[in-house]
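Only one chain is shown below, in structure tokens, and it's the form predicted on its own.
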């Protein structure tokens, strides 16, 4: 049995901690925030099996000039942080090459295609009921031009094994009558599903972790003691030292500073997404619906209808621009004509992205007892249980059958 410290208590960190408990290790989680309110709380809540084509698509990059002058665009780059973000964004843009995009998509598919079964196994193992809603998602397009923007992404996703059925907007309305009937095109992504509630998911995982003897330190890691390629302790914000045999870095956007402190700097940046939960929406939506032209999705969780999305390149310390959340709700009425918005709650989530969109999973040659599990971007919820399994395999020395070279922290 090893003493393992997991830095980060979001869905990825908790999944790692639970999988390590399964192998008999004693695990401590370090996290300063309230349980359940990390980046996943402001997500669309999907197990996004087909979200494998990187954001750095030529069609999206062509919109950059417009982002700079339209703060309400689905993808926005704040002028105040443009200079700071420029080096990262250049690396991000390099991945728009067709060959590189194909390689990234194939690597992501190697993980996401395992995600649904890993999630089901996780829920069954820990007795968490009624969490996975196995219904496909629907994407909606106003016209031919909107649909064409997704053409290359759909083509590549299909090549790699994703199941996408293209239908008419009228057929989408028949499937889910809450959807407006006048969309010209739609697509049904059959590999996807969604969770009943993102916050309940993380809270339930945390309760299981605690009941099985895990401990949580409500603090933040600030630095580390490193001796002879080995991390001997994490130094917390109150100057306490946390000693462990193994360390897992699963701290989301905080991984940027912490990886630097470990001597393995990672180019992690936070891409902000906004979420509004509508407690009395006035519609009975059954499927998650994405409206790419508006930059958001709508998910029918068990106690709220969530309108979530946009991608904002704003920097890790940028204050929220709540107008972006309000704009999404206004645009959601285009999708759901009967939508009522009087009762609402807003959230923001900083999703940890690296320039090549691949998560960081594995050890660095610079450190013998640290495993990195961060940089999941929009796939944190999707890949949480899969990442937990992979990290446990690494710590225990099992050959789980996954080649993780493409996700190495040393690739930067």
Ligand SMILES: Cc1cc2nc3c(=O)[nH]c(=O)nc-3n(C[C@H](O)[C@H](O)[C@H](O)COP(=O)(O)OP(=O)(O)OC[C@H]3O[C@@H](n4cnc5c(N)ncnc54)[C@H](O)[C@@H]3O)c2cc1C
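Quantities reported herein were computed from a predicted structural model and do not represent experimental measurements. Positions refer to the first chain, counted from 1.
The following text describes the form predicted in complex with the named molecule, which does not appear among the structures shown.
Tell me, out of 45, 359, 50, 54, which residue has a non-hydrogen atom within 4.5 angstroms of the named molecule in the model of the complex. By the 4.5 Å criterion, the partner-contacting residue is 45.
Residue 220: touches the named molecule in the model of the complex, heavy atom cutoff 4.5 angstroms: Output for residue 220 is yes: heavy atoms within 4.5 Å of the named molecule.
Answer yes if any heavy atom of residue 270 is within 4.5 Å of a heavy atom of the named molecule in the model of the complex; otherwise answer no. Answer no; every heavy atom of residue 270 is more than 4.5 Å from the named molecule in the model of the complex.
Within a 4.5 Å heavy atom cut-off, is residue 9 in contact with the named molecule in the model of the complex? Heavy-atom contact with the named molecule at 4.5 Å: present for residue 9.
The named molecule contact in the model of the complex: residue 386, any heavy atom under 4.5 Å: Residue 386 lies outside the contact set for the named molecule.
Just one of 204-212, 138-146, 180-188, 250-258 has heavy atoms within 4.5 Å of the named molecule in the model of the complex; which? Only one stretch passes the 4.5 Å heavy-atom test: 250-258.
Which of the residues spanning 6-42 lie within 4.5 Å of the named molecule in the model of the complex, based on heavy atoms? If the 4.5 Å heavy-atom criterion is applied to the named molecule in the model of the complex, 6-42 yields 7, 8, 9, 10, 11, 12, 13, 30, 31, 32, 33, 38, 39, 40, 42.
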